[in-house]
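This document starts with one chain, in the form predicted alone, laid out as structure tokens.
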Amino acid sequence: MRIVTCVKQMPDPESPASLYSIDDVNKKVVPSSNVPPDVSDYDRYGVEAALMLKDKDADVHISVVSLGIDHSLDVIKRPVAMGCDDLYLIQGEDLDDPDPSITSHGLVAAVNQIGDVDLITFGRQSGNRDQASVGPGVAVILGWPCVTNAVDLEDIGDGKLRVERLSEGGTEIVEVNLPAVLTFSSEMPHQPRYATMRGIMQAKRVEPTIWSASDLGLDVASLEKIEVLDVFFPTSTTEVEIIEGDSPAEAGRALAQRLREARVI
């Protein structure tokens, strides 16, 4: 089985908001140079799902694919250190902060270039935009079935996977024919594994295949894009009302009356 697991390099989500600013002209959030890059937390679950299949079948081959303006190899090689086999990077100035449409078409172009792919795994959403649209977008472009919010999977043979996915109020079991696209939720009982020292050393020897958009025949300028109308930091206000009384009991009664008026109780 040939698996492609898609990961996104993004600013470290643990960095404080004070290290970010807003580009009002281009309508995007800009991290400062002090924010280190990281692999999206959600994508680690897509990687883990692919590795679970490899654990049971040594013939499974897992390719990591990532798209962006550029990549830090120490960061983007982490899935390889976890146990994946090779790495493909789609990068260039025209891929600076790409929207879901551009990302989906770029990943499809890479999958077609790799060839003979049976399964594509994603995290359920990116760790910064949280739009959860790239995985399903890739499936639509390829015309493949898609199962979202998966938490477990099993290869049952005959070109089929049995997938457990989150549903309203619980989970459901579905069977999906390959080739297929799966997105995995962080509610998986199997937490992403840590890279071993051996895996880290092996990853250092892996040379990524690097493509530009034009290498893949992708005309970024011609693709439809989501129009961002505004980007802003949320504001919050706090209103404080002091409830007084001549005694604690009277203050308590006044507080209860005020809460009833506000329909809190």
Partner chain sequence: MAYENGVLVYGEAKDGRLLSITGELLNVGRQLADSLGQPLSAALIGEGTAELAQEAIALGADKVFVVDDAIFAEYLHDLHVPAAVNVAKEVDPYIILAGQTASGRDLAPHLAFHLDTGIAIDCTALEIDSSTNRMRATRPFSGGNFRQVIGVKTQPQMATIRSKAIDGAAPDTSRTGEVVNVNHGVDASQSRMKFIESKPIESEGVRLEDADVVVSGGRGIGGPEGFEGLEDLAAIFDGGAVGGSRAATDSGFTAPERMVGITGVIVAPNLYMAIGISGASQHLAGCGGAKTIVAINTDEEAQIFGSSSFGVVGDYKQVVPAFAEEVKKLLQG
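Since we're looking at a predicted model, the values are computed, not measured. Take the two forms, superpose them, and find the largest set of C-alpha atoms that agree within 1.5 Å; that set is the rigid core. Positions refer to the first chain, counted from 1.
Beyond what is shown, the protein has a form predicted in complex with the partner chain; the following relates to that form.
Please pick out the stretch from 166-174, 88-96, 75-83, 112-120 that is in contact with the partner chain in the predicted bound form, where contact means heavy atoms within 4.5 Å. That would be 166-174.
With the partner left out of view, is residue 219 within 4.5 angstroms of the partner chain in the predicted bound form by any non-hydrogen atom? Because no heavy atom of residue 219 falls inside 4.5 Å of the partner chain in the predicted bound form, the answer is no.
Indicate whether the partner chain has at least one heavy atom within 4.5 Å of a heavy atom of residue 38 in the predicted bound form. Output for residue 38 is no: heavy atoms all beyond 4.5 Å of the partner chain.
Residue 157 within 4.5 Å of the partner chain in the predicted bound form, heavy atoms: Output for residue 157 is no: heavy atoms all beyond 4.5 Å of the partner chain.
Hey, in the predicted bound form, does residue 153 get a heavy atom within 4.5 angstroms of the partner chain? No, residue 153 is distant from the partner.
Listed residue (201, 226, 210, 69) with a non-hydrogen atom within 4.5 angstroms of the partner chain in the predicted bound form: Here the answer is residue option 226.
Enumerate the residues of 88-115 that have a non-hydrogen atom within 4.5 Å of the partner chain in the predicted bound form, in sequence order, or give none. The stretch touches the partner through 100, 101, 104.
Residue 21: with the rigid core matched between the shown form and the other one, does its Cα shift 2 Å or more? Superposed on the core, residue 21 moves its C-alpha less than 2 Å between the shown form and the other one.
How about residue 255 - superposed on the rigid core, does its CA move between the shown form and the other one by 2 Å or more? Yes, residue 255 moves 2 Å or more.
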